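Okay, here we've got a single chain as structure tokens, the form predicted on its own, with questions on binding and movement later.
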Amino acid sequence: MKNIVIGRYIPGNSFLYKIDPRTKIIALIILMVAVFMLRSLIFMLAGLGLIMLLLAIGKISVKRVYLGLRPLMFLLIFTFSFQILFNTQGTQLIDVTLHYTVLTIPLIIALFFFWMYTKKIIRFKLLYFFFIVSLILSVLIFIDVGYTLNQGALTIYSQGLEMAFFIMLRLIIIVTLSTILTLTTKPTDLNLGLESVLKPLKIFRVNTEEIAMILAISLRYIPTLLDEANKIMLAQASRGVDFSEGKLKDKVMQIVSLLVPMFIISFKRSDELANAMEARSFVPGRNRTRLQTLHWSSLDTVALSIAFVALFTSIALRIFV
């Protein structure tokens, strides 16, 4: 949890930090629409390449972006596997028989428990997971010894493989763009930017200031609460609590022992925030002055123009290619 970067601001001095938050929010929406307009794996790879170039020019560590993607790793793996296993369109690439015998099933169980007990000491856990999965598939494919209990088939089609990579890259690009926004924008600036972007909703009598405040506070307190949860887990680990071991009943009790102090800390934080806002004479819906104001610059014009160019390019590619 200590490496979570969702909602966390990292100080820096690249051009991304100098762009107006309103420009960043509008550009993020435009680029997301542009990504959803693409329908080819080649174009999606090109988009990922441009995002990597943006990270390099903006001096943002790829490791931080990876930490932002790590909480979604299960979703990425599930989506990738679902497309490969159930998409039967296109040319058949792989068609192998899986052997479930009295020998392979105990081997698979043994590999699973071996992975459960050794993953803690392995540094690259994701690569280790894929290594174990490949071993299990190798056992099912190549070992056909003993009494056969059942047989299955692993069939992979070209369209399924292409769509698996396509959807996974789309999710990676969208999450990376959102991570860039939160990494390079202060919470106060993000709040001001959201208020300005949502101002047109005032026509429909929507209180945009409160909505922007709720969104900004939510993003601001995600890393704070995660840090508090990490401290609680470390404190409980020093008292002998292990969240990854024990029976199901024990794990439920351990989670409860984590949730109870988290709820208490959350209520305490919210009460402190309410007192701080009240001490500063904050009244929802009332007009108020601001210490910081946003200023549009030529850099914002260039950034927004590039975002529109990306959108028009993706629309043209969708229509004519």
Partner chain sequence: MNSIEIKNVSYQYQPNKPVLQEINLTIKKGEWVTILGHNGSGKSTLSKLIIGLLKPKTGEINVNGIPLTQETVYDIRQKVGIVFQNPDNQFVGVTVRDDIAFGLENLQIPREEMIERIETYARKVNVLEYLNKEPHALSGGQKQRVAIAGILAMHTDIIIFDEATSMLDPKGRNMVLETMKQLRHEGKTIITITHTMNEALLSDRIVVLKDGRILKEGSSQTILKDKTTLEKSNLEMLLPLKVLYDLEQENYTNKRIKDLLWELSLNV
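Note that this is a predicted model, so its numbers are computed, not measured. Only the largest set of C-alpha atoms that superpose within 1.5 Å between the two forms is called the rigid core. Numbering follows the first chain given and starts at 1.
Omitted from view is the form predicted together with the partner chain, to which the following refers.
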Any of the heavy atoms of Pro71 lying within 4.5 Å of the partner chain in the model of the complex? no
Since only the chain is shown here, I'm wondering whether Tyr221 would be in contact with the partner chain in the model of the complex (any heavy atom pair within 4.5 Å). yes
So in the model of the complex, does any heavy atom of Arg286 sit within 4.5 Å of the partner chain? yes
Flag Ser178 as yes or no: does it have a non-hydrogen atom within 4.5 angstroms of any non-hydrogen atom of the partner chain in the model of the complex? no
Can you say which of 78-86, 221-229, 110-118, 199-207 gets within 4.5 Å of the partner chain in the model of the complex, counting heavy atoms only? 221-229
So the partner chain isn't shown here. In the model of the complex, which residue out of Leu28, Leu273, Leu54, Met253 has a non-hydrogen atom within 4.5 Å of it? Leu273
Which residue among Ile156, Met213, Ile122, Ile143 has a heavy atom within 4.5 angstroms of the partner chain in the model of the complex? Met213
Non-hydrogen atom within 4.5 angstroms of the partner chain in the model of the complex for each of Met277, Arg280 and Thr293: yes
Residues of stretch 177-191 in contact with the partner chain in the model of the complex (4.5 Å, non-hydrogen atom): Pro187, Thr188
Tell me whether Lys59 is among the residues that move between this form and the one not shown (Cα shift of 2 angstroms or more, core superposed). no
Met213 C-alpha relocation of at least 2 Å between this form and the one not shown, rigid core basis: yes
Rigid-core frame, C-alpha of Phe36, shift of 2 angstroms or more between this form and the one not shown: no
